[in-house]
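Next up: just one chain, as structure tokens, the form predicted on its own.
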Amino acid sequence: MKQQATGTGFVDGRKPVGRRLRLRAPAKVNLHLEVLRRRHDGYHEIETVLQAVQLFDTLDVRLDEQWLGHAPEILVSVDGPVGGVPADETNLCWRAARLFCEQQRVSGLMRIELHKEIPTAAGLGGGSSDAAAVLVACDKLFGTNLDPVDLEKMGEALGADVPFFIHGGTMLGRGIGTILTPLPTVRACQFLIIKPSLNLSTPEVYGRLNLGLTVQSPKASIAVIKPILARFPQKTWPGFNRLEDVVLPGQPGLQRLVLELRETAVVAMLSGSGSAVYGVFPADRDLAQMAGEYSESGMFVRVVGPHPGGVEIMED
């Protein structure tokens, strides 16, 4: 005889759900990135200005059944123009779903379909944004109704950029990038994002940083940055990316690309640890010819606006 948990809808530990969410996960660029010191746990203390941009991965997350008493089954598939993304347990989407189930003590059969548009190993935060999208989806599908702060905290275990994508927009990040403070929203500009075929390892880039020089260098003041953001972009923007000191000398092609952008863009720099670079232009500037020239040379090129939020639920 079947046993049913009273009032829960579970029969033999299973409950059909059949819900699906479609979400958009934005990329980010770093408008400023200073490395302050190396911590005892191997991470680095940073001060960064994070900006979400309108370059999106798309995720379809389904909860077919909810289970009691045994581990979840999480199936991931990946498609889209960006190749080389694993669909196994190393995928951040899989890890995010598993972490959510463990911490919230829920389980079930989940299917995650990831359409990749954000390049990997680029400093654009695509994997972290995808993980944040899965956390948001799990919260909705399982009906846990967590506070965004709780989702941010959960995301810290997956990566330093994950908490940012819960809120998105324009944020100051401190600590390892997870202590977030909202900043004036960037609006009247567009970003020309370019990524050559070069892939860079974030841990290797940080590992080569000369922190002795960093400590002695002048640091951009957030007190100065905050009011300037309200009028962004302009040439007086004091932000910079400290990791350029490590990356660009060893990558002359990338260095040349940044210098070229600085000839025409209001602001131009490496994003995160690279290898994507970006230039910021006024919103009314026609960038079609410039973007086309870079695209013809075989590089990934997108012209996108700032994104005022983070992960978005598109279909419920």
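Note that residue numbering begins at 1 and tracks the sequence as displayed. None of the values given here were measured: they were computed from a predicted structure.
What comes next is about the form predicted together with a small molecule, which is not displayed.
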Checklist entry - Quick one: which of 182-190, 97-105, 242-250, 111-119 gets within 4.5 Å of the small molecule in the predicted complex, going by heavy atoms? => result 111-119
Checklist entry - Just one of 158, 85, 209, 146 has a heavy atom within 4.5 Å of the small molecule in the predicted complex. Which one? => result 85
Item to check | Listed residue (172, 166, 92, 205) with a non-hydrogen atom within 4.5 angstroms of the small molecule in the predicted complex | outcome: 92
Next on the checklist: Taking the small molecule as it sits in the predicted complex, is residue 28 in contact with it (heavy atom to heavy atom, 4.5 Å or less)?
Outcome noted: yes
Checklist entry - With the partner left out of view, is residue 154 within 4.5 angstroms of the small molecule in the predicted complex by any non-hydrogen atom? => result no
Checklist entry - Looking at the partner-bound form in the predicted complex, is residue 124 within 4.5 Å of the small molecule by any heavy atom? => result yes
